[in-house]
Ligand SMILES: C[S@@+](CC[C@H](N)C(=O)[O-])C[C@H]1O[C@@H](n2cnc3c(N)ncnc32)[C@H](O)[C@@H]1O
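Only one chain comes next, encoded as structure tokens, the form predicted alone.
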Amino acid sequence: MKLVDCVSEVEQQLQHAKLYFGHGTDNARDEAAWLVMAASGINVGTFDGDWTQELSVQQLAETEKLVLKRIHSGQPLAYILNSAWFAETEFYIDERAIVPRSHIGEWIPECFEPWLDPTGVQDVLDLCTGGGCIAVALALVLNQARFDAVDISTDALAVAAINARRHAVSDRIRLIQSDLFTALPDHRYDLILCNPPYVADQLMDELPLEYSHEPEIAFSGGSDGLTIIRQVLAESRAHLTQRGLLVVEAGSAALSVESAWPTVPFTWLMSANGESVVFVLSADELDAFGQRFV
């Protein structure tokens, strides 16, 4: 069977199983292609585009095994493969950390220009780092900067350590177990990034099955989804340099952010899919509106 035909067949199987696609892909076709190539030993990152290549009996057998595991387990494919792509980079992932899919990754290759001058970035803080993908991906671009990657979960930090070693940036990324800023040293950063838990309580029970395999702590954002975001907004200015920038993904709580602080001039970054769920605030803007976050 040709690769293209196998992908089409797997696509139909995934659609029939009524799976959820949102952990590296957002549709059955893309996930089918990822699954078939992974099962066939085809490197997604270096794939030459030959969709007419013939798959061997062994490759087809491995594909079928992987399809059945994806369907019957309900696990995100990223966990089954222990692999996820984020900001054009492949990372290790397992169930100790949330599958990386933050919209923040879209601005990492350009280092958040024009809102930030990357040449002036020396110290970066990644709050709620999870598997460390934001910190590591940005460290590969800002190759002179130093990073503190913080998470409350020691399990997640163990995954982050694997990724820092895999991409040879361990010497520039310090992993810190902390409840947000609590255990941080008295230090200021040129850039603070945060992809926090932001799912409101009423939405937690509505999450697809695939989400149940991920750490609940990575999602639960309190009654309105703003529990962690409030803390970040209230405390981040004390940890930013005078020209520093705060970047936060608000996700499903984006409207709640606007409703809670209607006079704050959030700059919302539009993602490739048309969503605007990541906001930036400068140190000056936090100075002007800081008391409103307390």
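In case it trips you up, residue 1 is the first one in the sequence shown, and so on. Predicted model only: the values in this text are computed from it and were never measured.
The same protein has a further form, the form predicted in complex with this ligand, not shown here; the description that follows concerns it.
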{"query": "Option from 202 to 210, 124 to 132, 140 to 148, 73 to 81 whose residues, in the predicted bound form, bring a heavy atom within 4.5 Å of this ligand", "finding": "124 to 132"}
{"query": "N195 within 4.5 Å of this ligand in the predicted bound form, heavy atoms", "finding": "yes"}
{"query": "Exercise: I152 in contact with this ligand in the predicted bound form, heavy atom 4.5 Å", "finding": "yes"}
{"query": "E113: touches this ligand in the predicted bound form, heavy atom cutoff 4.5 angstroms", "finding": "no"}
{"query": "Non-hydrogen atom contact A161 with this ligand in the predicted bound form at 4.5 angstroms", "finding": "no"}
{"query": "The single option of L175, A87, V169, L180 touching this ligand in the predicted bound form, heavy atom within 4.5 Å", "finding": "L180"}
{"query": "Heavy atom within 4.5 Å of this ligand in the predicted bound form - residue from I228, A28, V67, L240", "finding": "I228"}
{"query": "Residues within stretch 154 to 173 having a non-hydrogen atom within 4.5 Å of this ligand in the predicted bound form", "finding": "A156"}
